[in-house]
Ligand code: ATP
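A lone chain, given as structure tokens: the form predicted on its own.
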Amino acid sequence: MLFKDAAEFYSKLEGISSRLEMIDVLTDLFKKAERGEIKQLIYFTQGMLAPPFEGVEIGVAEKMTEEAIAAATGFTKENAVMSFRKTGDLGLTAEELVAKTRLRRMLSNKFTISEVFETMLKIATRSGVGSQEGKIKHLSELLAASSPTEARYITRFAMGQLRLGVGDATILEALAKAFTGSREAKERLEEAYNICSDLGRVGEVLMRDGIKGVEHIKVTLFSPVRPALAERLPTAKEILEKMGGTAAVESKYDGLRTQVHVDKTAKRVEIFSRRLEKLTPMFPELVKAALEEVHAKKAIFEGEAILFDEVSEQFRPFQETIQRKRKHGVEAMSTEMPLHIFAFDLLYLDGEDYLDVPYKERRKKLEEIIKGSGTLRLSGKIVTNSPKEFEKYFEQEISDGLEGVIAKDLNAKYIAGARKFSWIKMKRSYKGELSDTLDLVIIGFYRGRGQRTEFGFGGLLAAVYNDKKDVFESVTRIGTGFSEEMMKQFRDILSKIKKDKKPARVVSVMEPDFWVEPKYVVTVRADEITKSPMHMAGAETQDDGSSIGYALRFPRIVSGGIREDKSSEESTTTKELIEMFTQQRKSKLAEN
């Protein structure tokens, strides 16, 4: 398949305002792929060269991209810069200058998907002396043989800014339709994706072996499982009733959720974040501990990495723990601020997949392979059928500086990538506030006015994620809680992902000054959830034809700014928001 053909499909996607239309366009695109290139085409559509856990990053700097565009079109770098100032998008600049160039085009070089992919891989992995010049050369050669439309997407892809606005769920639905003829197979594809975290692999197996082949995808070392997620309920009594009377109650740590893969035979350890990014180089002390303190040849376990002061036996705040997520000065930081991992679940052990094993058996095995009180420790836990004992444990954890607890169904399997009532969290509440924070997706921002004029930023429009429809539904406008530094950060980051119109997967009647790609997550605290005709989260049509959704009252940003450890699809869901509203109403009735 020629990249030119894919670029035409991507151009269609950009002009679409309906998710169902996006699925149809992607379905047609995937149907045109050759068997050996479907994986690469899926990665392209995701805007990546490999799944996040492989750590292959694409992102050519602006100045290098400007030089490549100039070399490919015969214009000067100054011409490219002037065009960029006008368009605000180097992809559009490349498209414009390729269309205007008087150079003899190398259009006889029709690049295939695979050829563009391999060149992009060279650009991403090239390093050392002369690497910058080499990257510019590779990119300019692609652009020199491109049509204007191809140039737009090659440039955006090289910069890591493809901007198609396509979510994983939409790709899965399109794959199901393309290769099984029905969207109904999407659920089975999603189960496989939750296990291997690699959409390209799922698509490749589906195209080659059909749905039966996809069902044989199993847990594999160094290919992380998408993490299980917890529901929420406000009281110990409700949680125990939901779990049949008895539950394990684990400590909930406010740290970095990690998935640790250990192969002691190969002397290899990999550590992945909740977003499945490779964190291994950042945490040398955890790698060393995994090789020394795990009593198994091969294992995959989950835990919370957190700063813990052994002298005072105090857990440090999340803001301090997140400082350890860095690429430079790693060794010094690992000595100054060593992390501990508190392990809480086992997914794989010595060749055996543990996802379908009941929690009580997974925990028992975990206790057999992690026994010490060193860098690796087990999470705190009790098993109880008493709401009073549950509440007492919860209060003790809060007094020790933890977030709260997570109750787990003793007989439940590990449900990868999904939010079910087999795990239920209960967190501390604050007077006059909701009992929990919300992780919201930024879908737009406002210009600064009054005292904020100088910052060019006045607030955010944010949304919850409707995981059933794969859309982001507006829930609040946030104007408080920002420091001057945060306002500058938001302005700079969001300006790079501005959209000319509302993204196809955004549902909102409110219009910000600038729409943005739904990419970044922020944590928000609010006083309560209310019904509102101004927001579309969970909106229901009334008798008069109007819509009433849910909104937040007095929302404010929680310190820390953007949550780098969460993707937009990991934000608070519409279903969770409605459940929180129901719990809030019950609490008010109980108080009265």
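The first residue of the sequence shown is number 1, and the count goes up from there. Only a predicted model underlies this, so the values are computations on that prediction, with no experimental measurement involved.
Just so it is clear, the following notes concern the form predicted in complex with the named molecule, a form of the same protein that is not shown.
- Exactly one listed residue, out of Lys408, Lys135, Arg324, Lys177, brings a non-hydrogen atom to within 4.5 Å of the named molecule in the model of the complex: Lys408.
- Of the candidates Asp198, Glu304, Glu473, Glu173, Glu304 is the one whose heavy atoms come within 4.5 Å of the named molecule in the model of the complex; the others do not.
- In summary, the region of this chain contacting the named molecule in the model of the complex, judged by heavy atoms within 4.5 Å and restricted to 367 to 375, 415 to 423, 513 to 521, 120 to 128, corresponds to 415 to 423.
- Of the heavy atoms in Tyr465, none are within 4.5 Å of the named molecule in the model of the complex.
- Not displayed here, the named molecule is approached by Lys252 to within 4.5 Å at the level of heavy atoms in the model of the complex.
- Proximity of Lys566 to the named molecule in the model of the complex falls within the 4.5 Å heavy atom cutoff.
- Though the partner is left out of this view, Phe283 does not reach within 4.5 Å of the named molecule in the model of the complex, counting heavy atoms only.
- Taking the partner from elsewhere, no residue among Glu54, Lys218 and Tyr354 has a non-hydrogen atom within 4.5 angstroms of the named molecule in the model of the complex.
- Contacts between 257 to 271 and the named molecule, taken as any heavy atom within 4.5 Å in the model of the complex, involve only Arg257.
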